[in-house]
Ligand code: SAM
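Given next, in structure tokens, is a single chain: the form predicted alone.
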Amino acid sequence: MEKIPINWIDDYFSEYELHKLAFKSVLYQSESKHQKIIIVDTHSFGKCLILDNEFQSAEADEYIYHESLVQPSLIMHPEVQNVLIIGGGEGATLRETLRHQSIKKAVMVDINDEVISCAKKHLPSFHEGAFDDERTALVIEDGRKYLEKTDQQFDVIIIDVNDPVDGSPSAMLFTEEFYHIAAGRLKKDGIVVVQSGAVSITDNDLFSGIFHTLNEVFPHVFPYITYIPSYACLWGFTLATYNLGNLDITDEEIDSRIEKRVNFTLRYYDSITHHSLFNLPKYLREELKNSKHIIRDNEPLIKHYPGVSSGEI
């Protein structure tokens, strides 16, 4: 039998480690004012969004990432009505937020309207029409500038922006000064949740940096992780609040809130998953205890991921 030729993407985690993905075709590719945008159709994970040579989400398992990012904070909050999303261009974070019947308004602020436009056209299963929901307010602007000038108050703020890699516009969205601004836009019982990068044995600078930086601003900070198959690694998130002092919410209460609040059958998140997310392995708990780096405006953390070679696609 003749061998079928396959196109491969080499996604380098470092000089010494990579993840290979076979793809069928390139659906979209452009260099916008803010980011390089690529959408590919892969054999294993379906359509994948790549920004600035970094994989963002894949059709087959994006629900794992987006339910993990959104659902814990919205379920733990007493009653979410107003949510701010910074980033989340493909619309899946917005989709997960709007699954909650209590939501009156979801403001989504993204710096790049071209990402949103191509997601509307090429990634319909990611947003499922969330951009057209009457509760959605879409703002094309730098997320930090928006927070600095708005007087709106939110129940939950979800920060779903790219890792602060070389040339990315997101570096100033991971600093202590930015988190202070976000804290000032929260209502009573408000929660901030931050996508917090890859978690590994060898490099947790971003994950631990976000955890300790949020601890400079909030009295209660809860890191959590899950495995994302298309990323081929564990991925981190961090939840922070003034008033939520612990994670002592029962399985029964979590499942009851999901049943009452969410107008969709979730595929990943439930009470069992909730508790597994926040149970970090011992090595990671020790690392968070021992590393104390604080990310500040005058000392931002810039990651140097090799990522997808610009000549690969």
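Since the structure is predicted, the reported quantities are computational estimates derived from the model, not experimental observations. When you see a residue number, it is the position in the sequence shown, counting from 1.
There is another form of the same protein, the form predicted together with the ligand; it is not shown, and what comes next is about it.
Screening 215, 136, 204, 170 for any heavy atom within 4.5 Å of the ligand in the predicted bound form leaves a single hit, 170. Contact with the ligand in the predicted bound form, defined as a heavy atom within 4.5 Å, holds for exactly one of 195, 73, 175, 97, namely 195. Partner proximity in the predicted bound form, defined as non-hydrogen atoms within 4.5 angstroms of the ligand, places exactly one of 74-82, 181-189, 221-229, 87-95 at the interface: 87-95.
Among residues of the shown chain, residue 56 is one whose heavy atoms approach the ligand to within 4.5 Å in the predicted bound form. The shortest heavy atom separation between residue 38 and the ligand in the predicted bound form exceeds 4.5 Å. Remark: residue 148 does not count among the residues lining the ligand in the predicted bound form, judged by a heavy atom distance of 4.5 Å or less.
Heavy atoms of residue 143 reach within 4.5 Å of the ligand in the predicted bound form, making it an interface residue. In sequence order, 49, 51, 55, 56, 65 are the residues of 43-82 having a heavy atom within 4.5 Å of the ligand in the predicted bound form; the partner itself is omitted from this view.
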